[in-house]
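In structure tokens, the next block holds one chain alone, the form predicted on its own.
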């Protein structure tokens, strides 16, 4: 009796991409829902009365009760969470108590400043950290490897606020190489109408090169400090990935065949770690966006980190939760995008 071989029908590429996209959206939605739940719980467990933040501590009891009813705080927690999710999905993050403006508008004003500084920081981290990690791995145990490892260790050990204060004292107050706190010199404020919120881009598009130079002088120091912390992480991970690849058999084979060391390192070993670096760089960028609070406070940078700090000091929970939600959403988005790029670049992840 002849055996009949049954082979599975290949999955069409369009159906595979549809399945991948559906899984991506489902994971993103569930993660965002978890973030909403966390921020909702934070807003309910902190020892700050949101009603008192609105009416003040001298308001009559009837006013307090009326505002509490209007804010829906008398409803069961599950119903409050449903209303909270619905408001967030509609773009309503509440009103900032300190300014009486919608939180979503204020976040739209401050987030581009953080995005601009973090983008420059990650570019510095990538263009210095990746080559540094490769060079350290290629010269394992030598002096250049030790120097790069010490620099990486300093990036983990030095507090951000201390490095920012030292940088201001040295490069701004003493050497006058860079601008001071803020995004611009005071006399240049308002000369460029915001379009994208990215001051370097807006001033260049408007042809205001004096404003552009002032913006560069103010952003260069905080961006380099952020880039230093980023390159420490990226260089460390790049070195680790490269050491793993340089010990593989195909690298030994390439060297035995007489391939130049430069070709072995950059064409063979580095090409194999590029996909892993996508995830590392994505996570590093997300960490810069959410971890720039200290740098923005030291440099009086009008970004989301400084906004969050002021909101905490003013007990403005709507602003605090809104900023936390935006930072968390950005982190989730970058993380999911890194996973998606990983699947696109690595055929084995699509199997």
Partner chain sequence: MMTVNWLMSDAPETRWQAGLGQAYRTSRALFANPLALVGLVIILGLLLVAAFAPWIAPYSPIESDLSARLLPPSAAHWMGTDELGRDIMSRIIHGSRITLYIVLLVAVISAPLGLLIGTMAGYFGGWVDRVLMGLTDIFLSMPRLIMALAFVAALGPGIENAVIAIAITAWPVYARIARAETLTFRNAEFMSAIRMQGASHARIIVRHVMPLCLSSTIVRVTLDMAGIILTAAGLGFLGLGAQPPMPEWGAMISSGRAFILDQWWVATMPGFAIVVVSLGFCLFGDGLRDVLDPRNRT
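Given the structure is predicted, the values throughout are model-derived calculations rather than measurements. Positions refer to the first chain, counted from 1.
As for the form predicted together with the partner chain, it is not shown, yet the points below apply to it.
Contact check at 4.5 Å (heavy atoms) against the partner chain in the model of the complex: all three of 166, 324 and 335 pass. A heavy atom within 4.5 Å of the partner chain in the model of the complex is found for exactly one of 127, 224, 266, 172: 172.
Listed stretches are 203-211, 236-244, 106-114, 257-265; the contact stretch with the partner chain in the model of the complex is 236-244, by a heavy atom cutoff of 4.5 Å. Put simply, residue 177 is far from the partner chain in the model of the complex: not one heavy atom of it is within 4.5 Å.
Although the partner is absent here, residue 294 lies within 4.5 Å of the partner chain in the model of the complex, judged by heavy atoms.
In the model of the complex, the partner chain sits beyond 4.5 Å of every heavy atom of residue 81.
At the 4.5 Å threshold, heavy atoms of residue 69 stay clear of the partner chain in the model of the complex, well away from it.
Along 134-166, these residues reach a heavy atom to within 4.5 Å of the partner chain in the model of the complex: 153, 156, 157, 158, 159, 161, 162, 165, 166.
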